[in-house]
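Next comes just one chain, in C-alpha cells: the form predicted alone.
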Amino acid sequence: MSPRTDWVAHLVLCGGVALFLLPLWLLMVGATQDGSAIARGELSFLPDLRNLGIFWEVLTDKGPGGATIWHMLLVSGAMALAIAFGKIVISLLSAYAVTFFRFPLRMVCFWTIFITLMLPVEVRIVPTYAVMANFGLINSFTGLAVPLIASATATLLFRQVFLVVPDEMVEAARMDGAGPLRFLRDILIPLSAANMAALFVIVFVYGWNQYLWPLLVATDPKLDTIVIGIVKMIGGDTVTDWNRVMAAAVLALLPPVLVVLLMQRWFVKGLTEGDK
C-alpha cells in the first residue's frame, strides 16, 4: 500500500469515527444544558459543567410511569442477561443434538429451526402474544424474556463450530468413557468459549434495545425497560424536558458499551477464530 493510499484510508476512517461520535457528543452535551434552549434549537457544542448533577437527578427521580430510571436500567439489564444466557444454553444444546446425535428426522428438525431465520419478531408477534396470554405470562418478567430466547442464528453458529470437531476426538472421548454430558462439558464448551462470548455481546445488546415486545407484553410500569422509559419521557401532555431525555439516553448507553469494552478481546476472538 502506497503512503498516499494509506493517508486516504486513515482520512476515511477518521471521517467515519467523527460521524459516529458527533451525535453521541451532542447527546452528552445536551444533557447538561437547559431543556427550553434545546427545544428552541439553541444547542451548544460545549457542555455546561455546572449541570453534571442532572445524571444523578435523572437516575433517581421517578419517570412518567412511576418507576425510576435506575429501576428501568435494572429491568433492562435483567432482561438482556436472561435473553443472552437463555439463547446460549438453548442454542448450544440444540446444535449439540442435531450435530452429534442420530435420530429420525434430524435434518428436518435442523432445517425447521433454520427456516425461522426468515421470521422476525414482528411477523410472529401476534401468535407469540397469544401463547403468553394463554399461559398467564402477560405483565411478568418471564413473558418479557422467554419468547426472545430461541435463536436459529445462534444454533447455526454453534453447529458450524461443532462440525469441525474431528471424529477422532469424538471416538477418543467415547473410548475414555465420556458420556454425552461429559463430552459436552469437558470438550465442546471449552472449544466454543470464544464463540459464546461473541454471541453474548451481540445478544445482550439485542436484548437491551428491545422495544416492540416489551411495549406489548408489559403494561405494568414496574416492568418498563429503559427504552420504554425514554419514549414515555418524550411528548405526552407536558413539555418535553430534552435535557432529561438526553441524560437518560446517555445512562442507557453505558451498560451495553461497558459490556462491549469488557468483552472486546473475546468478542473479536470469537468472530475471527470461530471457523478454526
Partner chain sequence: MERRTIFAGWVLPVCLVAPQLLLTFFFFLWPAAQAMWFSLMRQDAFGIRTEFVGLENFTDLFADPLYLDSAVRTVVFCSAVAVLAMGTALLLAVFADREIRGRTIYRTLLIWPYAVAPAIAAVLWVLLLNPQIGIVAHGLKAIGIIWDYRLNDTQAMLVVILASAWKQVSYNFIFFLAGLQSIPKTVIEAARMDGARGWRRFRTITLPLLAPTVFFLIVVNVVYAAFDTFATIQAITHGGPGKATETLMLKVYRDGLINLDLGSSSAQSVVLMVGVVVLTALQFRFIGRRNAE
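Between two forms, the rigid core is defined as the largest C-alpha subset superposing within 1.5 Å. All values derive from a computational prediction rather than experimental measurement. Numbering follows the first chain given and starts at 1.
This protein has a second form, the form predicted together with the partner chain, left out of what is shown; the following refers to that one.
Among M196, I138, L73, V170, the residue placing a heavy atom within 4.5 Å of the partner chain in the predicted complex is V170. In the predicted complex, the partner chain lies farther than 4.5 Å from every heavy atom of G77. Among residues of the shown chain, L81 is not one whose heavy atoms approach the partner chain to within 4.5 Å in the predicted complex.
Mapping the unseen interface onto this chain, R40 counts among the residues with a heavy atom inside 4.5 Å of the partner chain in the predicted complex.
Within this chain, N51 is remote from the site of the partner chain in the predicted complex, having no heavy atom within 4.5 Å. For the partner-free chain shown, L117, M118, L119, P120, E122, V123, R124, I125, V126, P127, T128, Y129, V131, M132, F135, L137, V146, P147, I149, A150, S151 of 117-154 come within 4.5 angstroms of the partner chain in the predicted complex, judged by any non-hydrogen atom. With a cut-off of 2 Å and the rigid core superposed, R106 has a Cα displacement that reaches or exceeds the cut-off between the shown form and the other one. Core-superposed comparison between the shown form and the other one: the Cα of P127 travels 2 Å or more.
A movement of the C-alpha atom of I38 reaching 2 angstroms or beyond is seen between the shown form and the other one when the two forms are aligned on their rigid core.
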